[in-house]
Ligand code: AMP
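The chain below stands alone and is given as structure tokens, in the form predicted alone.
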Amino acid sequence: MSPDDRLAGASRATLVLDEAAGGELVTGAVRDVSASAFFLSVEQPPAVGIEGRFELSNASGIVLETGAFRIVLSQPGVGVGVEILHLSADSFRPPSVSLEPRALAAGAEAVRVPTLLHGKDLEDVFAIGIDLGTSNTCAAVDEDGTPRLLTTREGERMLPSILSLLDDGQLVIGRAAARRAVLYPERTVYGSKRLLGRPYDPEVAREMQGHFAYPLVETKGQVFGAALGSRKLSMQEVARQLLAGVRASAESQLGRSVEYAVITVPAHFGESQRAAIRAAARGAGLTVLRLLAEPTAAAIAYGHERDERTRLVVFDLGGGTFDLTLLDVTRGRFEVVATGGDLFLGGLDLDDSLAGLLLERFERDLRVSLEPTPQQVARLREVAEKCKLDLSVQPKTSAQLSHFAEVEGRPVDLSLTITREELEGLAEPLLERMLTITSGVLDGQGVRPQDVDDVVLVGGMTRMPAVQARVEAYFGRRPNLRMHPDEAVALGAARAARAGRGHQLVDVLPLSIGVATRGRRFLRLLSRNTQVPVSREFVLPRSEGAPDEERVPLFQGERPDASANEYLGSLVVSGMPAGAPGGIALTLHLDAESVLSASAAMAEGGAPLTVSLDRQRSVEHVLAELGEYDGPSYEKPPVPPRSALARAFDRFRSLLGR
């Protein structure tokens, strides 16, 4: 078979740039492939003249050819023309990455990839599907080939993802907690999924505090949590309480024990967030069969299992997060091609903007400047959400809050009319961010909107007419609205949880994983949208007299400055002969759910070494050892303007104990 014939089915390529160019991995869709050249679609193309090694693979992830390349054409925002210098039958192996030991940060906890079922036969497993949402959580079961939602103990399909602390120290969740949000906003946790598993960062806390009535604090493990009076709860503990409540309701309704679940996560959740969900589930007495990306779950629920290939976009805009996922579906095989999203883009943001508008108009009409209390802000949020829902089905609505404030010693009501046009004006910045992400995902794969066969809308915010209109205008086709947007993800998870369904789920890494080097430079080792499972190996050089332990700081994200990405911890490699020269072959593994693990061996001789993950030191200490950022300049994402609601929180910050 000629090289041209062998490469005819190539659809993806991975470039490993030479060390002079930073050793970076670049992955994307390819076209015009021949034995002499191909074109690679990438968002940030490497410069002309850069050389390295490449891997070409087909849509199923099978490697067709490897070899050496040179960049001969670079078009920003489009891609690169790649000249094939020579083909090689050798297995694909990225070149060694030079990391000087003195440049490595100390950090530190332990690498693990838990065995999920410990050899248990899947046919013997009964499991439910759980959609752990930012605003609401729901569960479903598929016992006879037809998935159905399970109800809460109060008979509702949705469990509000809210937790509240009672005066006696007890914690309540769901509707009981939601009823306390107005009277006790400082002791009621909502929106916790946005910060679940994230390492605590004071700057991020300052930026995000305006969205929350309760104080954001650092909790055990240096992660985000909530201060409810004198008690601190991590966001992982909030998730544990919600999952435990879902499990108890399911067992009561089904009349049997529930020990296993498929739990959905935003497609762009990183390693830390996924690990936090697994830990929360274990604490709730659940074994996670799989963490399933929410868009993939929605695609399964929609029943895209035809024989012919369907190129599908799942547009998932919920209360707190936005996901845009491109999938290829054929005969029950759901293959994620690319994904993107924003953890801080959703209905809660629009609620805040509308609540801020209501506050500004109230102050303007009465010519006063309020010092609003947390209770007043909670009431504004509540009426703003109601107005948002009303305006999805009618052109205008009224916001009514009796005895909202006291002005000159007398109670004053808030009574305002809001139009759909006003709401859509507030939503415009969110819609622009949403479509920018959409374009980035499709352009990165060389896919045009008209190449998409179907567009599925998921998440409560997709009920908004403006969202539907913008999606329809972008793709040039009416989106698929066949299923309930709040229920599709849980129903898809239930179908995936039923043993014997035979779905083949192929995912991608949502965010790049790499190491931080001297000068805080982020070196990608596993690039975003790389198909998983996958392993990559690189070599840590060691000089004579080197210590018998090496520390390698891991980060996840897309920015060249490691401090702008998320710190995963520092790999601690030990067991080397003290003072002995020779490199360390370190391998990063990602399983089919993008769960990370690592292994190491001596580069010469292959003697195995011990690897653990240490996160005891704060990210600030880790970054301090790396020094100031000295890499190339890059465009930082714009910081959204602070809403009137956030400014109101600033005015009563002292009430929150700061």
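In this text, residue numbers run from 1 along the sequence as written. Since the model is a prediction, treat every value here as computed from it, not as a measurement.
One more form of this protein should be noted, the form predicted in complex with the named molecule, which is absent from this view; the next part is about it.
The unique member of G347, P266, P147, G340 whose heavy atoms fall within 4.5 Å of the named molecule in the predicted bound form: Partner contact (heavy atom, 4.5 Å) among the options: G347.
Using a 4.5 Å cut on heavy atoms, which of P510, G459, G129, G514 is close to the named molecule in the predicted bound form? Flagged contact: G459.
Where, among 199-207, 441-449, 356-364, 317-325, do residues come within 4.5 Å of the named molecule in the predicted bound form by heavy atom distance? That would be 317-325.
In the predicted bound form, does M464 come within 4.5 Å of the named molecule, counting heavy atoms only? Because a heavy atom of M464 falls inside 4.5 Å of the named molecule in the predicted bound form, the answer is yes.
At 4.5 Å between heavy atoms, is D486 in contact with the named molecule in the predicted bound form? Flag for D486 set to yes.
Whether S135 contacts the named molecule in the predicted bound form should be assessed with a 4.5 Å heavy atom distance threshold; does it? Looking in the predicted bound form, residue contacts with the named molecule include S135, since a heavy atom lies within 4.5 Å.
Does R240 reach the named molecule in the predicted bound form, with heavy atoms at most 4.5 Å apart? Answer no; every heavy atom of R240 is more than 4.5 Å from the named molecule in the predicted bound form.
What are the residues of 378-403, in order along the chain, with a heavy atom within 4.5 Å of the named molecule in the predicted bound form? Contacts from 378-403: E385, K388, L389, S392.
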